[in-house]
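Just one chain follows, in the form predicted alone, and it is written as structure tokens.
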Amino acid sequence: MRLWGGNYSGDPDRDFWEFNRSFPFDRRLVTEEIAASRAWVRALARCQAVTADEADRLDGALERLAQQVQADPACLDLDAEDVHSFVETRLTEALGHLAGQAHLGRSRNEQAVTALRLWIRGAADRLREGVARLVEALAEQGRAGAEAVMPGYTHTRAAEPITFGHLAAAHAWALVRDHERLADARRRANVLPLGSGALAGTALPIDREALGRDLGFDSVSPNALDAVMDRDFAAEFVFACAQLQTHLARLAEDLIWLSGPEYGFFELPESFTTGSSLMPQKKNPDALELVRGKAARVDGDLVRLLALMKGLPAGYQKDLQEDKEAVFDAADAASASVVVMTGVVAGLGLNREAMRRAAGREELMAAGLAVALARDGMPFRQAHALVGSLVAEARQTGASLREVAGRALAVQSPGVAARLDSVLDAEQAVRAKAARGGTAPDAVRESLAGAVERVRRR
């Protein structure tokens, strides 16, 4: 069944018909399309465009169709042009000509964007729930490793001692921002376009505010022409997915290289690794590599949407049919990645001895030594240069930094020399970073608790 064609003398070209059809992918919007149609029918009854009896019959048939779709997805196997014509076809099978009244005053232009806004609203909610669970998994591991000392890195080189809990909190807070970013995207998607017609609005006395409340929208679109062409909300949602995927990729990268045998800080859960077809000893971090790789895919979805919208004239254009697959793909990739990453994090094992051994290199306490000298009265730049020269001497002579500094500082800063053992101790260095946001165990626990509290807000 086509929703158009009264002024045509024949059928569309078959190749073009298949090229034009969107039902193979926009069928995912069927639940949202039915919900919007039911709300529209109720709005028609409120403004007396249809009788109460007609509205009841239409609403009942739509409700039964929704139940059928849920119970038997095979009923979607139909050569429909799009999800809107599918719903009207099924409605016509149930009610005959009365089914056409459900489309009274409506355009597919507004139907398409309404269903997409409803779908994104639900997808954002589901993604936020998944992100919250991942943050909680990171917090649980971080609390367990709040005192597990390990190296922190800049430029992929060991820099200063931190704790595993500090690393977990860093990734958790990035995800907190994703959680909030998805909420922002949901809020901007939650605007009702229905009642906009094809571009000029509807001639029916529809109470759009009541219609919006019926569908759970926060507000109604203020301009019909803008409403049917706006896909900002879709691009914003996909950007939120892309930023989330970037953060997941960064977490994946840390877990990949720090779990390798050269570091051995972490043991990945076996159930999230795969073996090699040739090398029997391998346990490859394929789950994490796929999460990392899907960042490129979701970035591509974002670019696809932005390029799609560029240069379109005002009004609905068929180009916009290309919006949905990018949205679906980004949401699917991000959602699956969040689930997999939560499983990896929850099953992660910590090799505390390997981490502590790597963090115990005295050079990692060089910055702390310079700060100690400055607090003892030496100008910081002078202290920085002095510690740098001591590190160079230790490297050249093969002596330990403790030995070299002990000799030099006995004269220049005897107070610091007397407490070199604590200054050059990784645990003490970590505990010294006690300011809010630092790597001291208590600061880490506070940070992790704050991250969990933020994602538990609705």
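Start at 1 and count along the sequence shown; that's the residue number. In this text the structure is predicted, and so the values were computed from the model without any measurement.
Although it is not shown, the form predicted in complex with a small molecule is what the next lines describe.
Does the 4.5 Å heavy atom contact test between A112 and the small molecule in the model of the complex come out positive?
-> Yes, A112 sits close enough to the small molecule in the model of the complex that at least one of its heavy atoms falls within 4.5 Å.
Heavy atom of H97 within 4.5 Å of the small molecule in the model of the complex = Answer no; every heavy atom of H97 is more than 4.5 Å from the small molecule in the model of the complex.
With the cut-off set at 4.5 Å between non-hydrogen atoms, does K318 touch the small molecule in the model of the complex?
-> Answer yes; at least one heavy atom of K318 falls within 4.5 Å of the small molecule in the model of the complex.
Contact of R106 with the small molecule in the model of the complex (heavy atom, 4.5 Å) | Contact with the small molecule, no.
Pick from R208, K294, K324, R121: which has a non-hydrogen atom within 4.5 Å of the small molecule in the model of the complex?
-> Exactly one listed residue reaches within 4.5 Å, namely K324.
Listed residue (H166, H84, R186, R90) with a non-hydrogen atom within 4.5 angstroms of the small molecule in the model of the complex = Looking at the other structure, the residue within range turns out to be H84.
Using a 4.5 Å heavy atom cut-off, indicate which stretch of 346-354, 310-318, 235-243, 97-105 touches the small molecule in the model of the complex.
-> Checking each option against the 4.5 Å cut-off leaves 310-318.
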